[in-house]
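To begin, one chain is listed below as structure tokens, in the form predicted on its own.
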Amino acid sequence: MLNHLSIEELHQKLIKKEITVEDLVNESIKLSKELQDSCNAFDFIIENPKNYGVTDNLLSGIPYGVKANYSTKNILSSGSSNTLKDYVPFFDATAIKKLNDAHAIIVNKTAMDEFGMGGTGTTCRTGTVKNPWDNTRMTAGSSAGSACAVAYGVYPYALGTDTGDSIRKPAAYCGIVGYKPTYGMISRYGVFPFASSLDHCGVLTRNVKDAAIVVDNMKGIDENDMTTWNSSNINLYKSITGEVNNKKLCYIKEICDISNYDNPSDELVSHLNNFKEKIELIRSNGIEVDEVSIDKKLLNTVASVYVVLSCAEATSNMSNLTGIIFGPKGEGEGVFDQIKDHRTKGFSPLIKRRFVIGSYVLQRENQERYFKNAQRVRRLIVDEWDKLFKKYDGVILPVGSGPAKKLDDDSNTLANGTTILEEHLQIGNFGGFPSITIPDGFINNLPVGLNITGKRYDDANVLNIAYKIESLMDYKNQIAERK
């Protein structure tokens, strides 16, 4: 197998002509079809991808996957929704254009929860994405197909988006790396918006260095996205040295203390014990790690704040999905009946619930109580994390309450999980903080992960710490066992 290698390793083999681009692409397409049969990881597989050739760029000639909500010129871009099941854009998202310029090769569009509005990978227009480690388990979402494909070894990286945890939790469930950079480091132009103040572009890989390489090629200021900023003085790949002298991390007691959870499952107990073991390992290798406390009442608001704000923004952003401008036209006598028919037939029940919530909290009589209060509490939460970053280089926490959940146990509710342990990754979106998940062990033969979140614009430091921690463990570049 070739595509299980790192980006650096593949580039060297291409430069030395030990392998060809065709070798990589053909293997990637073969594995895509194999994985589609077992896990339903893709929205669309490209039979004859464009080959740009090999250059000095590390990404040149290497195949990769693109989440279905990125606009790709002349390639189906459905957002995993039946409302856009035939939509083929006439332009590339800025991030895609940058990767084209790097001579990277798109081989498929990965399946996702419809328009990114789910945390399970069960609401894709093509069906449920299954976990490659255990097909009875979920991948989490919404970047379900991207995580599944990278874990399976289809290619070394795939693009994702992250509005609440949509890159970082699937990465943990699939035993890989998921990196969401600082808000605005990567342009969102050409990426279907979910909740614009929370949406981040990012990447899923099998090691930290690969994540740095990909984002170095995607980042940069873009006149088409007013939220982007000039990161030209940041080179993530070259900044990774593994030197961590005087680095300090903290974890939140109220999130990591098992006594805060009633009737904890065996998996939860094992997960938190595993996390504590990794904290001791990190401490013994030169990084200071402190336990800190945050008001539990404030922590318990995270999930509700996320639901209110994300649903409100989604309702506004997706008001253009009418079937009139694009998408299959609805049936009916007049335009309003046609729009109603289009949206009723096209959207899944989960999306409809989100739109109902968003419309309700945005009604004039409800804005103060719900929408504006959620904005205020968001500010309080971000302020607490900003205080931590004045003293610490990052906050380190376990991802979720254990390994991937059973598919038949999930009810696919809006808030997937009821505790702060399941929802804390959303804080990274509230504050636009750089945040990375790396694998840190196994429970019941299923991977679990930890997350490091740092202060805005400090991506290089966050990735360097993650690289050091990754080097202390044996979970780098792992491939899911093929069932």
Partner chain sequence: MEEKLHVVIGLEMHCELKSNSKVFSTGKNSYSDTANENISPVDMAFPGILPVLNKYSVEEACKMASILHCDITKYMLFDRKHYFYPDLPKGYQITQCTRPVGINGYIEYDLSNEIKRADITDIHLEEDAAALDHMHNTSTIDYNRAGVPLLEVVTEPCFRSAEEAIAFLENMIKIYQYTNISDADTKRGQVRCDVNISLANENNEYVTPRVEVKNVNSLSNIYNTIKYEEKRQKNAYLNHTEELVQETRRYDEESNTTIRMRTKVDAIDYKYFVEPNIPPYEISSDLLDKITKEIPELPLSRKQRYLNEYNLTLEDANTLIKNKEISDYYDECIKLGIDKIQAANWVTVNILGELNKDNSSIKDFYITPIYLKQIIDSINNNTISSKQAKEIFNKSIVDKKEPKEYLKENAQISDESYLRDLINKIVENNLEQKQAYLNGRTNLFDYFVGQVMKETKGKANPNMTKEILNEVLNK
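Worth saying up front: this structure is predicted, and the values here are computed from it rather than measured. Residue numbers count along the first chain shown, from 1.
The next section is about a form of this same protein that is not shown, the form predicted in complex with the partner chain.
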Residue within 4.5 Å of the partner chain in the predicted complex by heavy atom, from S304, T227, N260, N82, is T227
Interface check vs the partner chain in the predicted complex: of D266, E280, D337, E223, the one with a heavy atom inside 4.5 Å is E223
For the three residues T182, F433 and F442, verify that every one has a non-hydrogen atom within 4.5 Å of the partner chain in the predicted complex; reply yes or no.
no
For the partner chain in the predicted complex, the stretch among 364-372, 146-154, 284-292, 127-135 with residues bearing a heavy atom within 4.5 Å is 364-372
ask   = Quick one: does L380 come within 4.5 Å of the partner chain in the predicted complex, counting heavy atoms only?
value = no
*asked:* Is K405 near the partner chain? Define near as a heavy atom within 4.5 Å, in the predicted complex.
replied: no
According to a 4.5 angstroms non-hydrogen atom cut-off, is S71 in contact with the partner chain in the predicted complex? yes
Q | Distance check, R343 to the partner chain in the predicted complex, heavy atom within 4.5 Å | A | yes
Across 195-211, the residues having a non-hydrogen atom within 4.5 Å of the partner chain in the predicted complex turn out to be S196, S197
